[in-house]
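Quick heads-up: it's one chain on its own, the form predicted on its own, in structure tokens.
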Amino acid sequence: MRVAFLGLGIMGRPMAAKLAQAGHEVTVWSRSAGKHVEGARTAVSPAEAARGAEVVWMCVSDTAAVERLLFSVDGVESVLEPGMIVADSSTIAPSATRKFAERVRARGADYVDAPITGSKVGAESGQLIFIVGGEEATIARLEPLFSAMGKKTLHMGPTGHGQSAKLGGNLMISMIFEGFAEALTLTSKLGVPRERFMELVNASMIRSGVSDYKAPFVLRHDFSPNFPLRLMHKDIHLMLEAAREARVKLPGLETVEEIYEVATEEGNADLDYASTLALLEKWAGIDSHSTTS
């Protein structure tokens, strides 16, 4: 398929590479100059990348970035044609997704929200999970692309439901990890070796996919970004915004957001979101060097 891929960040670049490796005709564009993908053509604007494409795939940082890609002077809207599909793997506001889709469909194209889970490792290995909102027939047309980049496609319902489900998933991740980090901090302060505490975690019902994935990193204090804190913080803001729109109260998440706010002020924005552990340890007076294994 002829694919324009817009956004070559931590996730986007390996995703575009997987499409090119699968034999699709890929044109890429990135806001940051100098980024390229082997086997793909590089365009100078979103409109140039999208011109003549069957599918325009986006993976950028936030709602405003998606809006710019689509509707700026050199954006995708100017070259949309009937039958084209716009797919968005960014994590953005569900309400904005529905508005963007309506405007894209007014040009005869279709729109699918397809946020992802699987982190950097999943993108690089082609093992992402796509959380999708849109029409069944449109999603079926995208199956060769989903298969090239991921291991599973989950259809959540109509447009916007992919983004809504992704926010729910990230809400759970942020809170589960925060509980894990607080437990590590408390038990360390009380003198329990972290290796011993992890034996309990792994042998009991408190084990989770979050602890399985994050434990090897946090136990050696490796906070290199698989999912930067600034992006999880952005997603937490999206969750709270969606909750306000739906008149839903999220008291636990409101507390977690305060921790992210301080972690950002401490300079952790570009580290992995797991670096909130370092903040908790600092507050507890724990020497991080004494806890690494």
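Residue numbers run from 1 along the displayed sequence. Just so we're clear, the structure is a prediction, and the values are computed from it rather than from any experiment.
Only in words, not in the display: the form predicted in complex with another copy of the chain, which the text now covers.
Q: Is another copy of the chain in the model of the complex near all of Glu77, Thr97 and Phe146, within 4.5 Å of a heavy atom of each?
A: Checked in the model of the complex: no contact with another copy of the chain for any of the three.
Q: I'd like to know whether Tyr111 contacts another copy of the chain in the model of the complex, with contact meaning heavy atoms within 4.5 angstroms.
A: No - in the model of the complex, heavy atoms of Tyr111 and another copy of the chain never come within 4.5 Å of each other.
Q: Look up in the model of the complex whether Thr255 has a non-hydrogen atom within 4.5 angstroms of another copy of the chain, and give yes or no.
A: Flag for Thr255 set to yes.
Q: Can you work out whether Pro251 and another copy of the chain are in contact in the model of the complex, taking contact to mean some heavy atom pair no more than 4.5 Å apart?
A: Yes, Pro251 lies within 4.5 Å of another copy of the chain in the model of the complex.
Q: Residue-level contact is defined here as any heavy atom of the residue lying within 4.5 Å of another copy of the chain in the model of the complex; does Thr138 satisfy this criterion?
A: Result no; Thr138 lies far from another copy of the chain in the model of the complex.
Q: Would you kindly say which of Ile10, Ala22, Leu271, Leu280 lies with a heavy atom within 4.5 Å of another copy of the chain in the model of the complex?
A: Only one listed residue qualifies here, and that residue is Leu280.
Q: Which pick from Val121, Leu154, Val73, Ala106 sits with a heavy atom within 4.5 Å of another copy of the chain in the model of the complex?
A: Filtering the options by heavy-atom distance leaves Leu154.
Q: Looking at heavy atoms inside 4.5 Å, which stretch does another copy of the chain contact in the model of the complex, given the options 35 to 43, 22 to 30, 237 to 245, 65 to 73?
A: Residues of 237 to 245 come within 4.5 Å of the partner.
Q: Where, within 172 to 194, is there a heavy atom within 4.5 Å of another copy of the chain in the model of the complex? Residue list please.
A: Those in contact are Met172, Ile173, Met175, Ile176, Glu178, Gly179, Phe180, Glu182, Ala183, Thr185, Leu186, Thr187, Lys189, Leu190, Gly191, Val192, Pro193.
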